[in-house]
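Included below are structure tokens for two forms of one protein chain, each presented in isolation as structure 1 and structure 2.
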Structure 1
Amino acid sequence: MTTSDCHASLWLARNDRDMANCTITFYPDNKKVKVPKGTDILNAAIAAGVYINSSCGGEGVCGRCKVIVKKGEVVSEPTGRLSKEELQKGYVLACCSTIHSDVEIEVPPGSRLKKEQILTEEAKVERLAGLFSKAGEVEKGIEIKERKIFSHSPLATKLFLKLPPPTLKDNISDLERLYREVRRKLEIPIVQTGLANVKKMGRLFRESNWRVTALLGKRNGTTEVVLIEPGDTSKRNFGIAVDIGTTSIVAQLVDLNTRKTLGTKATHNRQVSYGEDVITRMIYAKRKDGLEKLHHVVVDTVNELISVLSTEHQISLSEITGVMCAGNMTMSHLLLRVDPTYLRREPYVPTANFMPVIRAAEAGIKINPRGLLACLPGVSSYVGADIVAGVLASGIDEADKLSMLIDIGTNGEIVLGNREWLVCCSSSAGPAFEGSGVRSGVRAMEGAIQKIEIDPEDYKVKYSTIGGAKPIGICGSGYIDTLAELLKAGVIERSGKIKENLNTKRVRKGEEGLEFVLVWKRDSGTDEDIVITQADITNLIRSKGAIYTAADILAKKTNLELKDINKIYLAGGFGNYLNIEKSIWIGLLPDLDRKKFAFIGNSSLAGAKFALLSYEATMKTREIAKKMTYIELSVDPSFMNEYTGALFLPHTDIGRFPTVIKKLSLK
């Protein structure tokens, strides 16, 4: 049975079995699924394994789930999100249209979730390079002396034991005999195991001639004998590090003995069908079966990545004994099927910052049936384990000098500090940098415009897309470029207002006011003009203003200025593709020496791998989480005062951006 068939079966099982079923066919995937009459097209698509853009969680307000009804009876609610021309062509919104007969649906390019540009590279930072090296060793010709070293002690460790058979003189119980041999090899004050192991222990020991392999797991402060296998299986022990992001999920297969990374796979987080941001998903979780659906979708995705990795590397799922996850607080709650409702309600308290280590099977993760699943700790509702993992990977908690970590997305999470202290905050940047809430916005997938240049003489536009495909829209990094280039070319004022009397057809009046055409429809992959509107520019300025202000406030709360920061690490997929220079031009990042900025890749995945391979690193994440002081900006009056000043390009106080004044000749 395919994954799509599983989705369909699970979905149908929750519905009235006596209702008439309709067959729906989705093109161009040519996938079919039977669903009860009255099912909306969006849920039918999810059941079929067809993934359609939908950033509002099916509320009918984002207008991104446009599909074309080619055949059959569909009843649609009026939404005002479709033009007359689109209605005439048979367009409907998938979330607001129900199926009442066998139907055929075409998903147009702009509504498809294509292959995304997902960052799978680990953080390239000093701590990562010397993670398991020893002082005195030589690496790339340089003797390692002062790097912070984490001991090799995986989440799950296999230990081969030759147990001495019992005698009349040595007549302790089988269980105590096991514990004694474990302690002879490892310094473990407390060892425990479950009843399931005890029940089979007597026969297993004797039938294996007292030669067994014990799987030891680090579980909630103690060491547990998780599994006992006959013979020596210690050489085959693998783990999975997972970064569960709001828009993408990355899994990495690791040999827990050699510490070698065997492979990495990534895909989009299919929860996006229920909402593009965490708030929308929290709201969706309150619906009937909402939490269950969100949980199953993320677990199914993780299981698929694990299955592909294990198959490619000829590893049995039973040989995978541990999974370590890092993600924001909402993702951690949904992975473990914990209600995320109270994360968004004042006083914004998570159910748990420190999740217990559990059997992976309890969450539905398919590895060894007794294998372990751990989630790294978070700090608050909006600063989660992905940020804690980033601090661990970057090593700013061990640095003498002041450093800042910035992870830009729908929420901008920022950490500032050094070995003595850490403060953090989260600022709601909105979905614009994720390609949502803007007219031609798309996520970073094939065909998304990621780089832009505008000639200030004739306003001609040069662009490049992900994968070199025909442009279908603009992703977050493309919008940074666009805003900077519009400012540089004099198309917009510092307030962001589009200049109306320019000598170009690219500036025109659209349905929502003035707009600038970046790509004419004859050149686009959607047969529509790709534009940036006045409303888009306003949204982008608000988003960049929220990030800059959060960084500025965080520094001021510690009686410092941004210029005092020695290093600024940019983490995550979006941060990795930023153009630093243009980000400074628009006032997203502070105007500092460009050498202070460093891209560190997927630091969430790197931190998860550290913790998977080292119990010391796991405990370090707990120290980091406890050490970080969270500042709630939403109730801080100084934030709004500073924020209004950031709603200019690059800022109302232009003196903060001296190099931008010079390069762009701003006044």
Structure 2
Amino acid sequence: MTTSDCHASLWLARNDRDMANCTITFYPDNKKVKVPKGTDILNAAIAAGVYINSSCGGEGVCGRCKVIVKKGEVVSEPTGRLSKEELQKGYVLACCSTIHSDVEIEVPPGSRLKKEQILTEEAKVERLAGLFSKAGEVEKGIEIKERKIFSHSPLATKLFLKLPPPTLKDNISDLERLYREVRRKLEIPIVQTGLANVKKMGRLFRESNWRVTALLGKRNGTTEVVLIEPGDTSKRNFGIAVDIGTTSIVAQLVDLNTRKTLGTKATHNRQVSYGEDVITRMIYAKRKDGLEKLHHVVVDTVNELISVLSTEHQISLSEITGVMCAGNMTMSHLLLRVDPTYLRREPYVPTANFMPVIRAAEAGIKINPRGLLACLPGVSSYVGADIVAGVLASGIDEADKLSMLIDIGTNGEIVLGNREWLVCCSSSAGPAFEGSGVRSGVRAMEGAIQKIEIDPEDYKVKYSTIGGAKPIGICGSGYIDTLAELLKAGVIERSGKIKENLNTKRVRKGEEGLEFVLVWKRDSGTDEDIVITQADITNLIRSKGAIYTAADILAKKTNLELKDINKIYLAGGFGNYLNIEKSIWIGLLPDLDRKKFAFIGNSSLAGAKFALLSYEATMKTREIAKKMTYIELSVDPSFMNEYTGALFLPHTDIGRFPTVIKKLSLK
């Protein structure tokens, strides 16, 4: 049983101590968990560490959480989401069925959240992080050459101190002795510490022969001695930068002394079992124990990433002293167990944009028990810290000329501005570009198809995968390529419709209508064909349309046009690669000079890392968050009209994409 399993089942147990326990076994994983009688199968699965699809958050609406009861007593509510045939086969909806005896459950492939190994996601973060390399040494990339270097002052700094032992002449208290030595080494005005440190200080100082390491953290302008350790542990000080997305969570292990990134791990946000988007989860949070569950699940996910990173790099959890998180507003609230209810109620206010820095342990994050947890600030209910971090990483807040940041996650957030002003908006893009809600979608990970070419003559498909492994699915950048290539090869209409009468076996009728086979089963790393379905295409077009429309309207709202923009940064968890040209072909990006575009990868993670490594950068995020003005697009009367226009490839108003017309010979 893994730690998180323990946690979840303990949690359930705690809430129903006196109820009879049932053992539930999930196949094909063969995972077992004891839960109180009456627990629904979806929750039992989460407790067991089995992740079942559920985009509606267990409301019985989406019908994605189909499972088969093989043995035992289960009581299900009636549902229209299951066919007669399915009911005969023993199918039930996991969210609507409660357990009343020991049971065995089969989770069919279609209901499973992709079982992914946690793999390194190499993003362009590294390049941006190069900003720290050496004072004065500036990277060459156009997009960052004007950026200033942030000072090196991590969330938590270790300082080795040789305290002069007290004598009759120098008999100030232990605490003052500590402060005096800290102030001798660093120019900092106020130093404080907690009672826990004072309690252990007397003995610790003497037993360590007055050689100690102080862990210092800055909070609200004062410096806190967070922790005191015997001897010199200053060489080992590590931090974690986390991007908490609605669909994926990415954590990065950073050496706080050298500023080097040691490793990056990503995984699904397990909250997905409680709903695909933030709205569903906010609704879920209103249920009994809903907030508690959402909180625990996201904390478990972060802990798992930290645990894997630390194990792999042979770092003890006690050597990890700080965690810096960037997430959207809902994620920040849920991470800290703050009720997100008011985010979705008019007038849509967060409980806090600027969350207090706390001990990580207070939120259940497992690092050094006295280590710190900081959440970067957000702007509004729908523009969170992930975007503020992105602005920090891209530096558009420091540019003289007009720049735009487009961050593609489950929502597509857009920021426009320069050093004088910043406006931002959010559009519901959906998680298609994150590999979620699309048949063969995966995140940017080993084996994910990231580049595609389709021969317009014979429809043969050339592709390359991350790490060169056998393909296991398609990630966001792969989908952009696929859409562009399908259009170019004439497999799909500009409306996205797959043409039926093509001379290729790759176009075929599947369960959900027409689909195009990109990789045959024999070449696939899974045991299935890798396909893109008509439903996938519709999904992807909606996503790209939502983003383009938002960018377009945001520019117009400020009396500008997209062509006035000097630089457009594209961010998102696409991995290392994103084809700008093809993004323009499908109308995700406007048809401007290609030199204006730069793909900067996971800028939320990059920003979190900057802030983790620099108090100056952290303070900068506060400035940015205060400077950004949120604009609500959905209330704009032209929105629906514009959006409908963008549901074509590249757009109904094809005149907006002159170079694409030419290159793809569109009409």
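All residue numbers here refer to structure 1's sequence, counted from 1. For clarity, every value in this text was computed on a predicted model and none was experimentally measured. For the two forms, the rigid core is made up of the largest set of C-alpha atoms that agree within 1.5 Å on superposition.
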* Structure fact -> For the form predicted together with a further copy of the same chain, pick structure 2
* Asked: Any chance the CA of Thr482 moves 2 angstroms or more between the two structures, core superposed?
  -> yes
* So with the core overlaid, does the Cα of Gln252 end up 2 Å or more away between the two structures? -> no
* Asked: Superposing on the rigid core, does the Cα of Thr621 end up 2 Å or more away between the two structures?
  -> no
* Asked: How many Å does the Cα of Val531 travel between the two structures when the structures are matched on their rigid core?
  -> 10.0
* To do: Check the Cα of Thr79 between the two structures on a core superposition and give its shift in Å.
  => 3.0
